[in-house]
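Just the one chain here, laid out as structure tokens, in the form predicted on its own.
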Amino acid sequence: MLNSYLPKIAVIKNIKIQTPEVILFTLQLKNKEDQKNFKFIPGQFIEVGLPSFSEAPFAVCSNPDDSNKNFQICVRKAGQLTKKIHQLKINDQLTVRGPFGNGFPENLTGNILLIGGGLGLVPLRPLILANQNNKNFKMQIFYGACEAKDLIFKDEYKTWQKSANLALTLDKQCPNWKGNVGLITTLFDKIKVDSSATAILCGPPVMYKFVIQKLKQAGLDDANIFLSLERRMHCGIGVCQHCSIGSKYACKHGPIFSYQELKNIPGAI
């Protein structure tokens, strides 16, 4: 019987700096059979930790089609655990539990609008990578960061633009920046959004209220708006109850919810 509390050992195979505070780690489970059987749905998360120290949830951000070989997480230095993870080197080890949660809706077709703010692009990246050659998938990406130095996955944008309409914005003007300046909602005033689109949001909670207003103005149905909720997810299976949202748990019933599910739950958004 699978024990959800029992971690597996993962080895760091590659390290790539994204910003001064964010590092992309490529991990591989030490047990080859475990890695071969590792599967995830974009939007799911794993609990990553250091033995005898702590663990925390991170979205898996690599191409799910490669998950039998390795997988990736992005770690922003924001606390004691992430500070220690940033100090690790190639071939150092971490513990991994999961994947947990429900992930984004599968078998998406038609017009898909991905909206990421800051590190919110991390859970969206697997969808982008897995659907670059999907003819049933017309992808539009809105991505915003505070400053140019905060943009992640910068070396992948040219490839993404071959199959997606990518729009970038910065909160403030930066030297040599020729793109849009303003909050991510300003992109809606300049770029048409199809009312039949399915929208997937991921970013800081403060962003959701205002982006949803724009999506509603564009005519999107509540059932076609999905968002990833950030809550204090610990156990990953709805037992510790730290991530409760009304009668739901972000780790077990989410972290992906439709706006239709959440709009009447006080404090959910």
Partner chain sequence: MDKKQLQKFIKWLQEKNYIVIGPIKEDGQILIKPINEPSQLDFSGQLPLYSFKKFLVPSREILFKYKKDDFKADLTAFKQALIGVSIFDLKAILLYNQVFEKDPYYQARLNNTLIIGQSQIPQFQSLSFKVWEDKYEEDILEHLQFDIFLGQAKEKKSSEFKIFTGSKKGQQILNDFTKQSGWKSDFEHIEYAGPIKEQGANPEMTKIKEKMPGSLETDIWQNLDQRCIECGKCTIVCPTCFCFSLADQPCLNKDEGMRKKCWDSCFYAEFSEITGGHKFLKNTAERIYNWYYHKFVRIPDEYNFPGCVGCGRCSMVCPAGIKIHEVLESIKNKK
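What you see is a predicted model; the values in this text were computed from it and never measured. Numbering follows the first chain given and starts at 1.
One more form of this protein exists, namely the form predicted in complex with its partner chain; it is left out here, but the text below deals with it.
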property	result
Interface stretch in the model of the complex with its partner chain - options 92-100, 112-120, 181-189, 128-136, non-hydrogen atom within 4.5 Å	92-100
Its partner chain contact at Ser244 in the model of the complex, heavy atom, 4.5 Å	yes
Any non-hydrogen atom of His234 within 4.5 angstroms of its partner chain in the model of the complex	yes
Contact flag, Glu230 vs its partner chain in the model of the complex, heavy atom cut 4.5 Å	yes
Contact label in the model of the complex: Met207 to its partner chain, heavy atom within 4.5 Å	no
